[in-house]
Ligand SMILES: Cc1cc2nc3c(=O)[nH]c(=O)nc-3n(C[C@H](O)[C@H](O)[C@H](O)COP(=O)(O)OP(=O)(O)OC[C@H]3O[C@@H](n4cnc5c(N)ncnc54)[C@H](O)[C@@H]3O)c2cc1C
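Encoded as structure tokens, the following chain is the form predicted on its own, with no partner shown.
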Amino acid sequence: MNEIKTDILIIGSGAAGLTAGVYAAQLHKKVLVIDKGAVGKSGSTVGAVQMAGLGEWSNPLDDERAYMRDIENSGRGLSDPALAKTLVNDISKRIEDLTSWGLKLDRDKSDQAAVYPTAGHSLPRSISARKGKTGLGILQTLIRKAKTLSENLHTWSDVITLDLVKSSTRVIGAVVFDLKKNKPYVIKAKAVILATGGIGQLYPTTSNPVQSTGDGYSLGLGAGASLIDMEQVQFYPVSLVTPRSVAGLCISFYHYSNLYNTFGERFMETYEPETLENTTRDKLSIAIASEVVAGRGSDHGGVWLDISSQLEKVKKEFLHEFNICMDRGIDLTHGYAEVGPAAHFMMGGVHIDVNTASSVPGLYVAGETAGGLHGGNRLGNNALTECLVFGAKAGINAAWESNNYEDQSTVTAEALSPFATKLLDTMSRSVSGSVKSYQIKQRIQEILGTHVAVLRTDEGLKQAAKQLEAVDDLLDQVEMSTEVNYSRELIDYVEGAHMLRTAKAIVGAALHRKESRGAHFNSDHPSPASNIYHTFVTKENEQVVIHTSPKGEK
């Protein structure tokens, strides 16, 4: 197999991956950033509207302690205090770096950086760029910065990662597949950074782009890393339900709205009488899903959003989203929008320390693929913040580690995991079968959408676990042609395999949390337990293994 060498391999090119690449390259390391799509254009952060943070523009009452307190309160006891402290301490410096590289923050009438309130934050601390296209603005800034470091920083688009490669206990690279050439490669690296984004495509309705198929969680698990609190899947509570072309689009201004059920009742007066719609995402998602299950939802399984009382404020602060709605026939000036929860963000992920190191030597993780910071509920607009802070940490620490590692290993076919070997074997030849590879992905979406959505039950989770085991057999019955380059069938096959491994981790963790906490609501255990504990998922002999530990222990 063809072999490529680099100091640091970064898998994923969203905000976390590119941030890691820039900081590592600035330390004069050879960096290779790969992406199964187009580098810099496939990250879920492209659509992010705002970013929370601290800076010279902050409210005089705001500081690191207030910000950290909000994160911990939102996390329902599961947020890692050390990670939260790192985030609030480092974000102002990371934003300074971005603005020095050319990012221009949106301004208010006084020509000061515009600062906005966000549900769950005790003080206004959200900023934006490019008139609400903040994620896109940040990615474009990082790409421009990366080009100035092109002597050390290289990118490779359209290459999908099959599995990580280890030597003894250490990650030493990855086996990948070049979709343009239909050709596998081994990339050897002194350190590997996972930054592949989230899991939204494991569900039938999601705010995430098509690339968010949970690859990083599967890769980390396959390498022996521990995943933490994988049951904590955040559903964005107020997303468009219809028309289908924009289903899953997040409505960021829901805190300015009134929500009504199909009987015209403003139901949040019952669920959250003090904060109403301006509450955290987990509480709002559970309230909306409960209305739908009780038969008080709309025809398409949602509720109704009305912004008539705050129309001018919405147009002023969220013009981009407002215009998208109007362009797609949703006239918010004279009518309601049909909205409901959509799979949005994974709060769990690969367990990391404050330096973004996983439990496996040589493996670092940043962005949404890492777990522990947000606990049971991510505060609004903290996603980009996390990518910047921990992307930089990953790049810097991987660069330092690469100084002390001498690569003397040789990768042979025997060094590849059974998972990678099976994928490579199937992808090396056209195979006949009874199942198309996209149908495997659809089946996983059906299972999780039915049994592992906002409202869960013990029996539903058991059914999901049983049905996912049957999906294993589908992988062996796939029909696939490998004769064309950039084969959608090949991509679906690899993504389906990663989705299955990640889905099993989510369901296994959910079965072991015998309470309702954060985004995990189980109708059979509707209250939080008196003791706070984490769920951990590992892999032994290709099987998912789950255990729980009190907070503070592994």
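This structure is a prediction, so every number in the text was calculated from the model and none was measured. Numbering starts at 1 and runs along the sequence shown.
Just so you know, the form predicted together with this ligand exists too; it's not on screen, but the next bit is about it.
When the contact criterion is heavy atoms within 4.5 Å, does Ala24 count as touching this ligand in the predicted bound form? Residue-level check for Ala24: no, no contact with this ligand.
Arg501: heavy atom within 4.5 Å of this ligand in the predicted bound form? Residue-level check for Arg501: no, no contact with this ligand.
Contact with this ligand in the predicted bound form for Lys36, defined as at least one heavy atom pair within 4.5 Å: yes or no? Although this ligand is absent here, Lys36 would touch it in the predicted bound form, with heavy atoms inside 4.5 Å.
With the partner left out of view, is Val537 within 4.5 angstroms of this ligand in the predicted bound form by any non-hydrogen atom? Because no heavy atom of Val537 falls inside 4.5 Å of this ligand in the predicted bound form, the answer is no.
Can you pick the one in Asn208, Thr155, Ser74, Thr426 that has a heavy atom within 4.5 Å of this ligand in the predicted bound form? The residue from Asn208, Thr155, Ser74, Thr426 that makes the contact is Asn208.
Check each of Asp215, Glu291, Asp282, Glu231 and return the one that places a heavy atom within 4.5 angstroms of this ligand in the predicted bound form. So the residue touching this ligand in the predicted bound form, by this definition, is Asp215.
Counting only non-hydrogen atoms, which stretch in 194-202, 265-273, 297-305, 480-488 is within 4.5 Å of this ligand in the predicted bound form? Result of the contact check: 194-202.
Under the 4.5 Å heavy atom criterion, name the residues of 1-37 that approach this ligand in the predicted bound form, in sequence order. Heavy-atom contacts within 4.5 Å come from Ile11, Gly12, Ser13, Gly14, Ala15, Ala16, Gly17, Ile34, Asp35, Lys36, Gly37.
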